[in-house]
Every structure is written in C-alpha cells, then in structure tokens.
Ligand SMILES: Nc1ncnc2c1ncn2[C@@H]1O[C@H](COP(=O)(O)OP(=O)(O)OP(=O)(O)O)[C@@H](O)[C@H]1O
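The data below hold one chain only, encoded as structure tokens and taken in the form predicted alone.
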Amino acid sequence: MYRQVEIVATTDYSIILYGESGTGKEVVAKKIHDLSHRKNKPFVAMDCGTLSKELAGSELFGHVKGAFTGAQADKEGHFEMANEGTLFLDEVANLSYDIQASLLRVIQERKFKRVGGTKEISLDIRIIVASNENLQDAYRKGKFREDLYHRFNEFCIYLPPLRQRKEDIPLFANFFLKNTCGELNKEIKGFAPDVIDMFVNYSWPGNLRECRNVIRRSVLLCNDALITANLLPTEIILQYANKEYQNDQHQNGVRDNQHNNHTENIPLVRKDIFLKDTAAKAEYEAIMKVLKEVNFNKTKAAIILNVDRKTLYNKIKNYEN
C-alpha cells in the first residue's frame, strides 16, 4: 500500500481510497499530500457523510452574502480553501445526485462560482476521495454518477481492515500505547502476553479507530507496569473465550450430535449483550468478576465457580443472545 502511495503521490492523479470505517483513509490521503509537490499548500478534508443536500453546495463551493436565508456574509467553500493544494472528500458516495453533477462540472472546467455568486474562480487542485462502498457498484445501482466515478478513478488504493493484517496489530497497539502514555504522563512498559493474543484474535470492527480507543481506555485505567486482560472491554474478552472454545472443540474432536449445530459456527460477540432477566445478569456479573480475579484463566474460574470448563464456555457463549 505504501509503495502505491509513494508512486502516485508525485502525480496529480485523482485517487479513490477504499476501506472500512476506521482503516485510516484520511491518514493515507494526508500522506499522499505530504509526498506531493503540493505539500506546502493546503490539505483540506471534508466529510460528505455529514452534509445535508441543502448545505452541500455551500460547503463545497462557498456562498455570497444573501444567497439564501441565513447567508449573512460571504463564505469560502472547501474547494476554495484547498485551491493549489489537495481536497480530500470522505464518504463521497453520500453526496446527492444534484451535487454530484455540480462536482463533475467543476472538475471538468476547473473553475466554479460560489452559491449565489457570478464571479468565476479558477481552480488548481488535486482531489482524493474515499468510500467504504465500492463506487463501481454504486453507479451500477444508480446511486453514483458513472461519469464522475471515471473522473475520480485515475488511481485507486485499497486499505485492508485490521483483521486482515494481524501481524500489524501488535505494532499499532504499541504505537498507540506510547502515544497515550505520553499524553497521560504514564510509564507503562507494555502488554501482558495474553492481551496481545486477545488483540490478534479480535475482529476489530472499528479497525484502527477502535484499537486506538481501546488502548487509550486501558492506559487510563492501568496502575501497573503492564496492561492486563481485566482492563479490556468485554467484547474482546468474550470473543477470545469463544475462539478458545472453538479451538478446544477442534483439538479434542468433540462433535456430539446434540451440540453440533451450536459449536460449529459460534458467531462473533455483539457489543450489545442482552441479558434477559435479573438472574442471568447476576450470573454474568459473577462469572466476569471471577474471570477478572484469575486474570481470565478459564480453568481456575471453572473451579472457583464449581462448574466444568465446557459449561463455563457455554455460559459465556449464551451471553451473545
């Protein structure tokens, strides 16, 4: 990915960045800008997902005083702010069809007018767009203009989700740990071995953004030399427990017909764990309390709770539902 960034950065190509939320699309866009001949000019980022249809034109192109109700002064748009530099449009697929048409015209003509204005402003700009949706699929479904897609698609880069780059997870974890310790003025040496194992086996639906937040929270709560498993969010702990259970079932060849459908495909733990009644909640809290006390050693926890290891795994698994 970084080789592609280095190659395309020296050009003025328009670029599409594909990736799930939290994979670092804006960071990559800024890296492209910093390696380009425009590095001393503005880098302006705009989240198209937050724009209403009514305000999108004003935010992109600016407006003149009196152009519409509430326009009490002239305003620069993002295109004007980024002129001679780089404009990064995040979640560009969320723009309305009308705004897409205006955007296409500006890119083709390399000039624009503020909303309500008459003066044409010349444009020298590089555009990088990002989407977590395939824009080719979007134009085939009629959600995105095909001609605009081809304007943007001079080069594209795919940012893989964190779960597909497991070897990077310890690197990112330590990077965020170092930064957070600096912010909070704490001296934490690293992570307990089982914590790194949990990180590597977690699916990270929020990708790097979620990883950063987990580390920041753990550092805030940590009063020891190492970050331990009891400081992690419940969803990471339970997903790890489920994976261990699957591994145990596979290694031991346990495939009895009564439980086969339940153990073959254990779903990922949802964050919104729903406890059906007070008794279930009390049981859940008791299990979590014991797990934390024994640093999430399931064998020790099962002994303390007076249940066998398989029963403990099944109880943990039931909290997904």
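If you're wondering where the values come from, they're calculated on a predicted model, not measured in any experiment. Note that residue numbering begins at 1 and tracks the sequence as displayed.
This next part talks about the form predicted together with the named molecule, which is not shown.
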Contact check for F175, R209 and R212 against the named molecule in the model of the complex, heavy atom at 4.5 Å: yes
Contact of D12 with the named molecule in the model of the complex (heavy atom, 4.5 Å): no
Touches the named molecule in the model of the complex: N297 (any heavy atom, 4.5 Å): no
Non-hydrogen atom contact V27 with the named molecule in the model of the complex at 4.5 angstroms: yes
Region of this chain that lies against the named molecule in the model of the complex, out of 114-122, 181-189, 77-85, 201-209 [heavy atom, 4.5 Å]: 201-209
Residues within 4.5 Å of the named molecule in the model of the complex, restricted to 56-90 and counted by heavy atom: D90
